[in-house]
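Below you will find one chain, with nothing else, as structure tokens; this is the form predicted alone, and questions on how it binds or moves follow later.
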Amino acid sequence: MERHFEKELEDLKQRLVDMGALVDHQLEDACESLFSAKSDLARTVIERDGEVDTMDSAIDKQCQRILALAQPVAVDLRLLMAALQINTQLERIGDIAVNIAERTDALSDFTTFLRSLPLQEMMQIARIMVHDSLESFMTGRSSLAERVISSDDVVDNLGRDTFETIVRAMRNDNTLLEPGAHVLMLIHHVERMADHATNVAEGVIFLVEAKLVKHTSNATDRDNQRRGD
């Protein structure tokens, strides 16, 4: 029974790793489709979202089964709780990849404008946060998870810079009103991506150190900002 339980936990961790790899691939393709105006790639991202949803459901069901049958305690229970949280965050990041891809056609004539904005750097940092949060889970490195959490402020600052740049551009050029509105939504999506990566990192710290960090001042500020989402 104990060996079966350990195998279930290893299988669960592998499924989360696979889910993370798929979501990371979705983000990579979504960003490329946006900045390179690749409509076919954007459609692939949108169509592949069903795979993310299927994996999300499978992981949830596996966690529920383990909780019901094995009644884990201590570190094993924390692993199950962290897995449920991480899985939810990954599914939402997958949705954000779709949201980014869905802007590709509307912004296909404005790729030069897009590349001139801090948005691209903002997306790169948010994607690194996602990657590092998953790496911290796979390796159990809480120091890496803490670095992810600290990077959230960098993304927020770039978001403010991008917002101000877009507003100025829209005031000076009426032809940028529609693409500018799409970029404003992209800023929101990327900020949410960083927030979800931060939540994954917080789950890792809970798993490794049995310490809740979601009620720190920075996390509370993020929660207050997100209540309208």
Partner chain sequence: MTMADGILVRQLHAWFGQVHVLHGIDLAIAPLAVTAIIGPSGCGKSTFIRCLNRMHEVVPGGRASGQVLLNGEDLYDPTVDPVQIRRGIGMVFQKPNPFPTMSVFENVAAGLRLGGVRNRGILQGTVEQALRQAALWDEVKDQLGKSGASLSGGQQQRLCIARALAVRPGVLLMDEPCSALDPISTLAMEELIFQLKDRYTIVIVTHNMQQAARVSDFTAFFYMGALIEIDETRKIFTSPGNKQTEDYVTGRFG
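Residue numbers count along the first chain shown, from 1. For clarity, every value in this text was computed on a predicted model and none was experimentally measured.
If you look for the form predicted together with the partner chain, you will not find it shown, but the lines that follow are about it.
(request) State the residue from L77, V98, V154, A106 whose non-hydrogen atoms include one within 4.5 Å of the partner chain in the predicted complex. (result) Of the listed residues, the single hit is L77.
(message) Only one of Q71, S150, T139, S143 gets a heavy atom within 4.5 Å of the partner chain in the predicted complex. Which one?
(response) After the contact test, the surviving option is Q71.
(message) Quick check for you: of 110-118, 154-162, 124-132, 77-85, which stretch puts a non-hydrogen atom within 4.5 Å of the partner chain in the predicted complex?
(response) Heavy-atom contact with the partner occurs in 77-85.
(request) Although the partner chain is absent from this view, report whether A210 comes within 4.5 Å of it in the predicted complex, heavy atoms only. (result) Answer yes; at least one heavy atom of A210 falls within 4.5 Å of the partner chain in the predicted complex.
(message) Would you classify L22 as touching the partner chain in the predicted complex, given a 4.5 Å non-hydrogen atom cut-off?
(response) The answer is no: L22 has no heavy atom within 4.5 Å of the partner chain.
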